[in-house]
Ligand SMILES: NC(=O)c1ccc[n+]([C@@H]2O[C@H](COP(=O)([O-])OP(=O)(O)OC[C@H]3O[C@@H](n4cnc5c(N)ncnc54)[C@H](OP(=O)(O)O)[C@@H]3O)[C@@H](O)[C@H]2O)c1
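Single chain ahead, by itself, as structure tokens, in the form predicted on its own.
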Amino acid sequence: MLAPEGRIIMVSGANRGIGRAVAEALYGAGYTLSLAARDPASLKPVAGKWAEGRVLIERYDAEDQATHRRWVDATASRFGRIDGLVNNAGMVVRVRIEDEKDTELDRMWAVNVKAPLSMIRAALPHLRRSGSGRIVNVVSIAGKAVYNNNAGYAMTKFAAVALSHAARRAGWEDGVRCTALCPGFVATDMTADVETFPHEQMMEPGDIAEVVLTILGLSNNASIAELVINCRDDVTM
């Protein structure tokens, strides 16, 4: 396993839910982190008391690509390298086949697909120089199978899986490995209004964080292209 000490990992949407759990787990394991959210002040409860030399807080707006480049540049300037990128920030809006909700659909494409692509594009040169760069795209099991009538969300998540495979191929020769992490229901505020599955039976964000820890630590010879993790019996592979 790769040692976490001295490795710089970027995490988007680290202020709550899965992103916060990932940030806390990575910091506890010894990684140095660059964390970002649309409101940087919301990251203070997460990392406000962490060692100053091991954390950077920046602004990330998924719909503003200028913030993506600024975040990457600030991270590289502060720490001199970037070893990993966890694209965690995302959004869900119900858009059925029958719905004429192009504005909402366009927002989901911007946040769930185009923003991770923009981040990968900006960070890839640094990840290549690392020799063991890692990208984890937190996607969804909705990127593997269509379970309900939210066609718009599933479309963006299928595309995010394709992006993960494309990124994996693009950086392979330079030691960059990319994983599409596809969880089912996770007990966060995004699933608070789900009525089709008991909230108390959903996975905890910390479960996902432990998986991210493993992915980031694997050697270049043990790459996971896709990983489905679920809280219920399911045939999705």
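Just count from 1 along the sequence shown to find any residue number. On a predicted model such as this, the values are computed, not experimentally measured, just so you know.
Keep in mind that the form predicted in complex with the ligand is missing from the display, and what follows is about it.
- Contact between residue 90 and the ligand in the predicted complex is found at the 4.5 Å heavy atom cutoff.
- The closest heavy atom approach of residue 118 to the ligand in the predicted complex falls outside 4.5 Å.
- Although the partner is absent from this view, residue 140 contacts the ligand in the predicted complex, with a non-hydrogen atom inside 4.5 angstroms.
- Residue 170 falls outside the set of residues with a heavy atom inside 4.5 Å of the ligand in the predicted complex.
- If you check the ligand in the predicted complex, you find a heavy atom from every one of 15, 18 and 38 within 4.5 Å.
- Note on the interface: of 118-126, 96-104, 76-84, 150-158, the segment with non-hydrogen atoms within 4.5 angstroms of the ligand in the predicted complex is 150-158.
- The contact with the ligand in the predicted complex, taken as any heavy atom within 4.5 Å, belongs to 62 out of 62, 46, 26, 56.
- Counting a residue when any of its non-hydrogen atoms is within 4.5 Å of the ligand in the predicted complex, the hits in 159-188 run 183, 184, 185, 186, 188.
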